[in-house]
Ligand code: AMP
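Taking the form predicted on its own, here's one chain by itself in C-alpha cells.
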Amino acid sequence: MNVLIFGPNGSGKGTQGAVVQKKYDVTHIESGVIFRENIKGGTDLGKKAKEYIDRGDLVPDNITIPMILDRLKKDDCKKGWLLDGFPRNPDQATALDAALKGAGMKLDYVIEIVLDRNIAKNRIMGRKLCVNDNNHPNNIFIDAIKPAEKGGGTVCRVCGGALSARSDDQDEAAINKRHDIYYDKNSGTLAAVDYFKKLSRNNKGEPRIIELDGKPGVKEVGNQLMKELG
C-alpha cells in the first residue's frame, strides 16, 4: 500500500501517519529526513542539494524528485510506504506522479486531513510540554487534552507536572508562513492535493482520496481513517 498524506501543521498529520505505519506495516517517510540523510551520507544528490541549501535557495525538483524516488525504492519500502511532506505545490505533484508511473509504482491512497487554518494555528500555539514526559498530551485549545488547573495555573493533565511551550510553537510569523504555503489553492500544497483529486476523478477513483475532518480528537480521526482504509 503506497500512500501520500496531507495536512497543515497542527492537524495531527504526523500522528495519523504513525497510526497507518503501525497498522499496515508500511514505511513512514518524511521528505525532510530524506534531505538530511542524503546530505549526511554525501550522496551525489545530497551534494547537489547542499549547494542550493547553503546558498539559501530552494532545492529544484530535478534533484528532489530523484532523491525521493530512490528512497521509495529501498528494501524497507517493498511492503509499501507513506510519504509525508511532499509534494508541496502542483508542479511537484505533477513531477512526482510522472516519476512514480515511470518507476512502475502505483499510488493507492491520498489522505487529506482538512482543518480550518485558525484552528490549526491555535493547536500549534496551544501545545504544552510536560517536564516529566513529552508524550503526555496537553493543549489549551483541545478540550479532550486541556491541562489541569492548579493553584491558579495549569499543570500536566496526566501527571501534574510543570508545563512549558516550545519557542517555535509560539512563533506566529513562522506558523503563518508555513500555513501560507499549505493553504494556497493556486500554487501551494492545497493545489497539489487538488491535482491528485482531479487525477482520481479522471482515473476511475485511483488513487483513492480519503478526506478526514481534523476537528475531532486524535482518536476519533484515527478511527475514521482506519474505517476508510478498511
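What you see is a predicted model; the values in this text were computed from it and never measured. Residue indices: 1-based, along the sequence shown. Rigid core here is just the name for the largest C-alpha set that superposes within 1.5 Å across the two forms.
What comes next is about the form predicted in complex with this ligand, which does not appear here.
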Please determine, with the chain shown alone, which of 25-33, 157-165, 194-202, 40-48 has non-hydrogen atoms within 4.5 Å of this ligand in the predicted bound form. 25-33
Please identify the residue among Pro147, Pro90, Gly80, Gly85 with any heavy atom within 4.5 Å of this ligand in the predicted bound form. Gly85
With the partner left out here, check for me: in the predicted bound form, does some heavy atom of Tyr183 sit within 4.5 Å of this ligand? no
Is there a heavy atom of Leu58 lying 4.5 Å or less from a heavy atom of this ligand in the predicted bound form? yes
Taking any heavy atom pair closer than or equal to 4.5 Å as contact, tell me whether Leu69 reaches this ligand in the predicted bound form. no
Is there a heavy atom of Asn9 no more than 4.5 Å from a heavy atom of this ligand in the predicted bound form? yes
Near this ligand in the predicted bound form, with a heavy atom at 4.5 Å or closer, the residues from 64-79 are Thr64
Quick check: Leu129 between the shown form and the other one - does its CA shift reach 2 Å or more after fitting the rigid core? yes
Inspect the rigid-core superposition and answer whether the C-alpha of Ile63 shifts by 2 angstroms or more between the shown form and the other one. yes
Honestly, after the rigid core fit, is Asp180 moving at least 2 Å at Cα between the shown form and the other one? no
Lys50 to Gly102, Cα distance in the predicted bound form relative to here: closer or farther, by 3 Å or more? farther
Flagged pair Asn89/Gly56: C-alpha distance shifts by 3 angstroms or more in the predicted bound form. Which direction, closer or farther? closer
